[in-house]
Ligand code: 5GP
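Shown below, as structure tokens, is a lone chain in the form predicted alone; questions about how it binds or moves come after it.
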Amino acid sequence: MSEPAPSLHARIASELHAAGRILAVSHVRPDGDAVGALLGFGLSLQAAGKQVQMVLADGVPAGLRHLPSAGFIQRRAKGDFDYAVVLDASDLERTGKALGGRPADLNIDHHVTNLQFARLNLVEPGAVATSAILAEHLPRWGFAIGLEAASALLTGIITDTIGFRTSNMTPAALRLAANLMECGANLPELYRAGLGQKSFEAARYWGAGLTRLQRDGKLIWTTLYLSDRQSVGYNGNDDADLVNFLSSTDGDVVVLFNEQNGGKVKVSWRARPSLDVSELAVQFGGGGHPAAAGAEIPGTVADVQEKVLEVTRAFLAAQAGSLK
């Protein structure tokens, strides 16, 4: 009788312990979960004696540089590696050039639209954050979580759940947060730094978007232009978390259009519970979660807005019709 195949977790643990030089990357325009997962993973494996290079093509956003060891994250990989890990990215394109064309050995993610692109894929759509997946499994794989790694992972959970208030929150996720606090992570301070504090430039950037806020029934949208970043001195290419603030308005769906370099527009959707806007993002080559999804679409802001708003209006009309 043949031996049973090892479980996915057994294979992940075995391969991580066997690897010597590890490249770990996450997605462009990194959020708190991307940075938190990358640092939590990288620092935990470094503590076990592994050589880990942590890479973000866009670097660490200013609002997350308070995290211990954030300075270890590089924009480009250097040297050779025998193992490559992609964290919190639903497809390889989302990593930019961080992998340098190298195939991924391991993909750890929680997006329902993940393309399962690596040799080993640990995708848990029910998890509140990729950082939560790591907080649960790193100790099971034989890697202890120290103070700095715990702080990073807790930041990932806090920011991706918008302070433990997204509709996918679970008792298990709260227990994971408690475990990270027991590792030394300071929840009140991480909450303040990750969600409660904005730079002066980010606040002015929000102002530009808020002045353009528009509404059509239960659909709300606004736009951020490249010129807005320049005029207020905001150095990131993200929306400074404005879309999550707008998700607290009384619309069913919120859309934020964020003009990017290279003739593209980053579109972010947020929806009330029970609506799945990830299917809209997929139509435009993106992905995400049912209540929070996005896509980067080639074209002018006006053209992209017209297409996206048309599809989103049709989606809302279909949802309203299904309730009759």
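Remember, predicted model here, so these are calculated numbers, not experimental data. Just count from 1 along the sequence shown to find any residue number.
Keep in mind the form predicted in complex with guanosine-5'-monophosphate (5GP) is missing from the figure; the text below concerns it.
- With the partner removed from view, the residue among 292, 43, 255, 60 that has a non-hydrogen atom within 4.5 Å of guanosine-5'-monophosphate (5GP) in the model of the complex turns out to be 292.
- Comment: 284-292 is the region of 52-60, 66-74, 35-43, 284-292 lying near guanosine-5'-monophosphate (5GP) in the model of the complex, near meaning a non-hydrogen atom within 4.5 Å.
- Contact check for residue 259: no non-hydrogen atom falls within 4.5 Å of guanosine-5'-monophosphate (5GP) in the model of the complex.
- The closest heavy atom approach of residue 91 to guanosine-5'-monophosphate (5GP) in the model of the complex falls within 4.5 Å.
- When contacts are judged by a 4.5 Å heavy atom cut-off, residue 296 counts as touching guanosine-5'-monophosphate (5GP) in the model of the complex.
- Shown alone here, residue 229 lies farther than 4.5 Å from guanosine-5'-monophosphate (5GP) in the model of the complex, counting heavy atoms only.
- In the model of the complex, 111 is the single residue of 108-126 with at least one heavy atom within 4.5 Å of guanosine-5'-monophosphate (5GP).
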